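Below sits a lone chain in C-alpha cells, taken as the form predicted alone.
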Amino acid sequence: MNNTYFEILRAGINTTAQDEGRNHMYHLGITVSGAIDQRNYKLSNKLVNNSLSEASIEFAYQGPLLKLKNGKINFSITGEVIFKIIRKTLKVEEGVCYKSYILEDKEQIDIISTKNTAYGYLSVSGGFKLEKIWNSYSINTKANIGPNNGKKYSSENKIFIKNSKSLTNKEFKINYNEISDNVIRVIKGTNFDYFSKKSQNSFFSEEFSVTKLADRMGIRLSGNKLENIVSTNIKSEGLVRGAIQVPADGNPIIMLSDHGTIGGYPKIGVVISADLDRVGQLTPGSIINFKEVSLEEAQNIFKAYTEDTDNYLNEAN
C-alpha cells in the first residue's frame, strides 16, 4: 500500500483540490467549479507527466507549507508564485515556476505567495489520491462538495499521493510568458438593453477597479455606476462562468468557477472564454477596461488561445 503523503505544516489562505470541473450538474443546482486558471492547471500537470485532467492543488495568495512523507515525487508549480524547496540537508532552494523538481522524503515545499496574481497550482507525479465526487476532484467550499468533505485544506489534513509510475530524473521546463493586459473582451449580455445609453457607453469606455470582494464565486468591481432603466431584478436565469451581472447598486460582478447556477440580476455582458483565465487571476486594486467583440471574433480568439496553450503543452515534451 502506498502511504506517500504531504503533511500540511501551514495550510495557506484558500488551498483546495481542483481539476477541469464538474459538468452536466446544472439541472441539480451544482456549478462546474474547477481550476480558476485552466491553462496553468493543465501546464502544472504536463510538467510532471500527468494526464491533463489529474487533480492539482490550487492555492490563493499565501500557499501551503508541505512536508513529504514516505516517498519521492516529481512536482511542479505554475503561476506567478514565490516558493522555496527545503532539502533534507536544510539547504533552501529558490523555486522556479514552470519547471519540474524531484522532492525526496522529508523535504518541504514552502509556497510563500502568489505575485501580482491570485492563484497558483501544484501538481505531483502520479497525482493525488482523492475520491471523485460526481466525476470530479474539484472542491466547492460554498456547497461543501468534493474531496476533503468539500472543505479547503487545513493543518489537520494530510494529502495522500498515488503511486507514481511517471517519476523521472529528467527536468521538464516551459518558457511561459503571460501577457499582461488590462483589456477584458466581452460579448453583450442578454440584458444589455436594460441599461441607459450613457451606461452602455461607459461600460466600454471607462475603467473599473477590482474590489476586495473577490473569491472563487466572483469578482465585484467598482467604477461609474451602471444605470438600469428597466428593472434591477429579473426572473432568475441560468448563469455561466464569465457572466457579468449588475445589481441595484450599479457595480458589476463577474461570475467565476463557483458561481451560482441561476441569478436574478440583469447581465450586461459575458467575458469571452479566452479571457477567463486572466480574469480569474485579477487581484484587488487591478484596473480593467471592457472591450466589445462579436461572437465570431470571440470564437477566433478562443481558437488562437487554445492553439497557444497546446504549444506550451508540447514544449514540455
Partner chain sequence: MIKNISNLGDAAVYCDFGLDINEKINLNVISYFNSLSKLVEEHKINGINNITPSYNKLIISFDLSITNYSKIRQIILDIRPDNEINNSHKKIKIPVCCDDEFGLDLSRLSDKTKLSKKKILELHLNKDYFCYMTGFIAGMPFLGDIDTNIRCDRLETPRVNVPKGSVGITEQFTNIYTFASPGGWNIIGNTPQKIFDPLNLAEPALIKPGDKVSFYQISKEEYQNWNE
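Positions refer to the first chain, counted from 1. Note that the coordinates shown come from a computational prediction; the quantities given were computed from them, not determined experimentally.
Heads up, the form predicted in complex with its partner chain isn't pictured, but that's what we're talking about next.
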note = its partner chain in the predicted complex has a heavy atom of only one listed residue within 4.5 Å, and of S205, S236, N116, S231 that residue is S236
ask   = Pick from 170-178, 70-78, 207-215, 131-139: which stretch has non-hydrogen atoms within 4.5 Å of its partner chain in the predicted complex?
value = 131-139
inquiry  = Under a 4.5 Å heavy atom criterion, is S196 part of the interface with its partner chain in the predicted complex?
reply    = no
task = Considering only heavy atoms, tell me if L295 and its partner chain come within 4.5 Å of each other in the predicted complex.
result = yes
ask   = Quick one: does S273 come within 4.5 Å of its partner chain in the predicted complex, counting heavy atoms only?
value = yes
key: Distance check, I86 to its partner chain in the predicted complex, heavy atom within 4.5 Å   = no
query = Even though its partner chain is not shown here, does it sit in the predicted complex so that I187, T190 and V240 each have a heavy atom within 4.5 Å?
reply = yes
query = In sequence order, which positions of 253-271 have a non-hydrogen atom within 4.5 Å of its partner chain in the predicted complex?
reply = G260, T261, I262, K267, V270
